[in-house]
Every structure is written in C-alpha cells, then in structure tokens.
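One chain follows as structure tokens, the form predicted on its own.
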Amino acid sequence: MVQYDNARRVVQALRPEQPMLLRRPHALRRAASFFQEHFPGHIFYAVKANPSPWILEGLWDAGIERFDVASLEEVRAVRSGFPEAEIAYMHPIKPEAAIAEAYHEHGVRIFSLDSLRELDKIQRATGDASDLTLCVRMQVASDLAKISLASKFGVRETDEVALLQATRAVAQRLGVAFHVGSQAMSPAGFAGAMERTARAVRRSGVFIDILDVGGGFPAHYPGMEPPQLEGYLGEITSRWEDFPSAANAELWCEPGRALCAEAESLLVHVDDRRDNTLYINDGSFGALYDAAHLDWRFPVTNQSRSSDRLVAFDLFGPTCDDADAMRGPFFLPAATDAGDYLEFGTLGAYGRAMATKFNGYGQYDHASVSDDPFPSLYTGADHQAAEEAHS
C-alpha cells in the first residue's frame, strides 16, 4: 500500500470518490508499546473494537498475541489468522453450539460467565472438560464511563458467592472479571470495581488465578479529554498489590478503543452545503455511527482549505434516511463547501466495525499516512521512550 505524508496529500493525489479509511500503523504500534510498558500482566485485544485484518496483524507483530472475542465469528477469524494466539471467549451468554465449536475445533479454553445456567452450559458443551479457565463476570458500576455496560451482564452480589464457589469447583483456573464501561473518564472507575470484586472474592472464600479488569480505557475526543493513561494503569497496579490471591494470580486487561482508536481516520467528501449543514458521503449507517447515535464529537479538519474563522456545522450522511444525521457542532472553516474533503480523527475504534451497507453504501477505500493522529494520548517524551524500547 502506498504511504502518504497526510490526508491532504491523499486528496491531492487521488481525489477519492468514496470514503477512505486512512491507516496509521505507527500509531497502532505506539499504543501497543505503551500498554506493554505500563500494564503488569497479560493484554487481550478486544476484537470488537476493530476486527480489520490489518489491525489484528499489526498488533500481533507489535507483541499483542492474546485476543478477547465476543462471538464465534471472531473466534474463527482470529484462529484462522493466528493459529498460536490465545483466545478468550468473554461474552457471558453464548450459544451452546458456539462454545462447543470454540472448544473442540479452535482450542479455546477461556470462557466468561455470569450465572449458574451458563456454567452448566459450558460444562455440557465441553464435555465436562478439566482444562477450562473460567472468568466470572462481576456486575460493577459504569457511572464514570460515557457508555454504560452495567445493566446487561454481571453477577449480582446476592448470587456471587454461590457462583464463584461452583465455578471454582470445576475450573482448572478461576478468574474474576468486570467491565467499567466504554470510554471510562476516570481511574476511579477501576478503583471502585476492584474494591467491589475483592469483596466478592473474600466473601466466597475462594482463591483466584486471574483478575481481568476488562476494557474501558479511553481515547481523546473533543469534549471528552480523559486523564493520561498512566493514571489508569497506575491505579490498577497499585490496587492489584493487595488484591486477594494476587501473589499467585495473573492480571489481565482487554483494551480495545485505547489500542486502535488513533490507528485510523476517516476521509469524506462534501457533496453539498445548505446553510450550515454539510452533506457528506459517509454517516450514521457507516463509520460515523457514534457521531449520530451517541452524539460523539469526533475531531475534524477540512483538508481542502484552511481558515482562522471556524463556524459550527451539522452533517447529513449519504443515505435517503432522515436518521442519517450527525448534529453538531462540528467546527470547520466558514467557507467549507461542496467539493471539499474532511478528515475525522480517532475513528479506529468502532468506526469500520459499526458500518453497514444500508442503501448500497458502506464501501471504503484505504490508504496509509505517516503523520500523527489528532489528537493523541500517546505523544510526549515518556510515550516516545516506551515506543522506542519496544521497537
């Protein structure tokens, strides 16, 4: 793949007619190096954030050889590309046939659960296997995250003792896991979840082999500027020292967004302008799903013109549906008009993963660029040193 200096060079060379995803392999490597430098345990990439083969291959080459999957299709994709990878099937409610195929055909030995019913299902599907690593998903608060994951999964306090004890009895290795929510905006979310999980372990009287602190590590978006990631990993590391069974257990995490968000941006064409609304060739049924449905404010620049005077725009995507709308403010040069190209940053996480083919759209061209993403949580002297240490 040809590499360009930046998105503006892509526009000048190609004048693309359909949306483009711009890859930044160096940003992917930098994020992987950061977690390997600062997290004192095993790192499982959350495939759902971006399952693109180039992302998986880039992380593998950077030393991330463990993957957190949430479906049988993700199991198949990872195993076909990486026969030696360690795969954790961490969806707490899985079809029995999917568990059986994952175990018997793809060598998966790590499964998550949050109920006695799921434990029974796993035992049936694996033939009462004695080599299972079973991670009990705890219900923890998500109030410090932008996207809550607290209501759908997780064993409640009233049921946790019985489930932990029953799982301990059949698991070769017992883990406890949680998820503080997507885009956690404070390390305190992890602190509270670890306290709640530690209480459950003590109440149940079991020893554990694994604490999986899940994902939720944030990226940088306009209006969502989190603390530096060192604070999150430092909080986890500090609390891990006194966690029950920590001396003989492993610490895991499942970053998705934080590893891949800065690795891709989106280049779109402005098809029309009406007042302060721009009609662009990707939208809510494509890579800008979060901008429409979660009011996400992705960073955006006009790669066709510059101006000191910025004004607020709303956006419509290319489909014929009124729901294909991204309400602003997206601040762009006042003269922005049809024919211009806009670049949206931090689209590597849940961009291409959310895109559909509604109305016949959803096709993307690709290019590689060498400039730094905007903005970044991985710039600065300390982060550069970490990258060089792992290069």
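Note that the structure is predicted; figures quoted are calculated from it, not measured. The first residue of the shown sequence is 1; numbering continues from there.
This next part talks about the form predicted in complex with a small molecule, which is not shown.
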(message) Checking a candidate spot here: are H269, R297 and F344 all in contact with the small molecule in the predicted complex (at least one heavy atom each within 4.5 Å)?
(response) no
(request) Report the stretch among 97-105, 124-132, 317-325, 210-218 that approaches the small molecule in the predicted complex to within 4.5 Å, counting heavy atoms only. (result) 210-218
(request) Please check if M90 has a heavy atom lying within 4.5 Å of any heavy atom of the small molecule in the predicted complex. (result) yes
(request) Indicate whether the small molecule has at least one heavy atom within 4.5 Å of a heavy atom of F34 in the predicted complex. (result) no
(request) Determine whether any heavy atom of E254 comes within 4.5 Å of a heavy atom of the small molecule in the predicted complex, and answer yes or no. (result) yes
(message) Please tell me whether any heavy atom belonging to H26 falls inside 4.5 Å of a heavy atom of the small molecule, as the geometry stands in the predicted complex.
(response) no
(message) Please tell me which of H38, K48, R352, R66 lies within 4.5 Å of the small molecule in the predicted complex, judged by heavy atoms.
(response) K48
(request) Would you mind picking the one in L149, A85, A198, V206 that has a heavy atom within 4.5 Å of the small molecule in the predicted complex? (result) L149
